[in-house]
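Just the one chain here, laid out as structure tokens, in the form predicted on its own.
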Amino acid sequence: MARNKEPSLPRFRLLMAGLGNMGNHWLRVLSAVDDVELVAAVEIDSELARERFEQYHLEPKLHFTSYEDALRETRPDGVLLVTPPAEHRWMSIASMEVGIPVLSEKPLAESMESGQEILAAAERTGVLHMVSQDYRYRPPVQTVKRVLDSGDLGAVGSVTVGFFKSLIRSGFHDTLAYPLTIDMSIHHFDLMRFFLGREPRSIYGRAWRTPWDWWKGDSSTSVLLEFAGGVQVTYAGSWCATGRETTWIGDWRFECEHGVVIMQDDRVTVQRRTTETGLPQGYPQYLNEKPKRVPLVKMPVERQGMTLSQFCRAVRTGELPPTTVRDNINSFRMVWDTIRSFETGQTVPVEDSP
């Protein structure tokens, strides 16, 4: 006898706020997803909304200029915030106060205080708030994570991270004193926690503008971080690089007890070492194997597609996703502790999670 086919779940009803650059990217993501229905798109710029609606063949009735009206009239299963960070606090809280879960683009908010208010609202209401840290869900990143978690190379002693891009952006980025750190380094800081499975204990950093800098704020940085267990991380980055750009993930080198893991140009390489003992001096002699390319983990869904899938699943099942606001506040705090170090010239001890 043939089994009865399980009934499919109704489509997840999503309200999206913000149709700018990242909003355009999210619309591409949504257009490739079958089980999510866009029930409203909030955008105060009506001309921009018209362009996006024509581009993605959306019904004009889905356009709202008022976020509150869209929440009240559509009662979605969840909201996706792709607005500038300064809008995240009130939009997140307004949604959670009426019981509607939130998936927010990074960074969580425009300040540490606003981020803490979002966390407090999530804990007070018990409504899910999740941040889209999509860099975790790229094949090279998942590959490195698998290698490190296998334990084959032993403990991680230090990490070196380099990120260099030549980027020109306008809008809210021009209002940031530290555009790279606030808008981009949050990805790399979150990956540090993801790879190591540890929290930072102290941060020391410097930020500056180069003589040719086109940014209004400091777009170059160097940061030293110490993680739990004494793991040392060195981070250098720039958004006004003049050549040899890295990928968006950056270049990473993990010095481990039994070898090295390198992620460069989105490729992962491992070089193991072996030990010969019994030398006259009594010291071990280390012999390095040839570097070996590691096949990338195959992922059926990547990046924002994965965070959206996790969000929908969490809303439907109650199973918490990895990057809830409770977890992400720790990556977010790293940004502001780094800025505090920039401005004081001091090493900043990192507080424990609230």
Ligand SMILES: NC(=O)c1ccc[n+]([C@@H]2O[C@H](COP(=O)([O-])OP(=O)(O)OC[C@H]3O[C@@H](n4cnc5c(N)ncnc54)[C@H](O)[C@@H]3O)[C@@H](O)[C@H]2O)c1
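Keep in mind that what you see is a predicted model, and the values were worked out from it rather than measured. Start at 1 and count along the sequence shown; that's the residue number.
Another form, the form predicted in complex with the ligand, is not on view; read the next lines as being about it.
Could you tell me which stretch in 79 to 87, 194 to 202, 153 to 161, 258 to 266 has residues with non-hydrogen atoms within 4.5 Å of the ligand in the model of the complex? After filtering at 4.5 Å, what remains is 79 to 87.
Going by a heavy atom distance of 4.5 Å, is Val223 a contact of the ligand in the model of the complex? Val223: no contact with the ligand in the model of the complex.
Whether Asp45 contacts the ligand in the model of the complex should be assessed with a 4.5 Å heavy atom distance threshold; does it? Answer yes; at least one heavy atom of Asp45 falls within 4.5 Å of the ligand in the model of the complex.
Does the ligand get within 4.5 angstroms of any non-hydrogen atom of Asn21 in the model of the complex? Taking the distances in the model of the complex, the answer for Asn21 is yes, it comes within 4.5 Å of the ligand.
Is it the case that His187, even though its partner is missing from this view, gets within 4.5 Å of the ligand in the model of the complex, heavy atoms only? Judged by the heavy-atom cut-off of 4.5 Å, His187 is in contact with the ligand in the model of the complex.
The ligand isn't shown here, but in the model of the complex which of Met91, Val233, Val270, Val144 has a heavy atom within 4.5 Å of it? Comparing distances to the ligand in the model of the complex, the residue within 4.5 Å is Met91.
Just one of Pro107, Gly115, Pro140, Gly250 has a heavy atom within 4.5 Å of the ligand in the model of the complex. Which one? Of the candidates Pro107, Gly115, Pro140, Gly250, Pro107 is the one lying within 4.5 Å of the ligand in the model of the complex.
Given a 4.5 Å distance limit between heavy atoms, list every residue of 130 to 169 close to the ligand in the model of the complex, or none if there are none. Contacting residues: Asp134, Tyr135.
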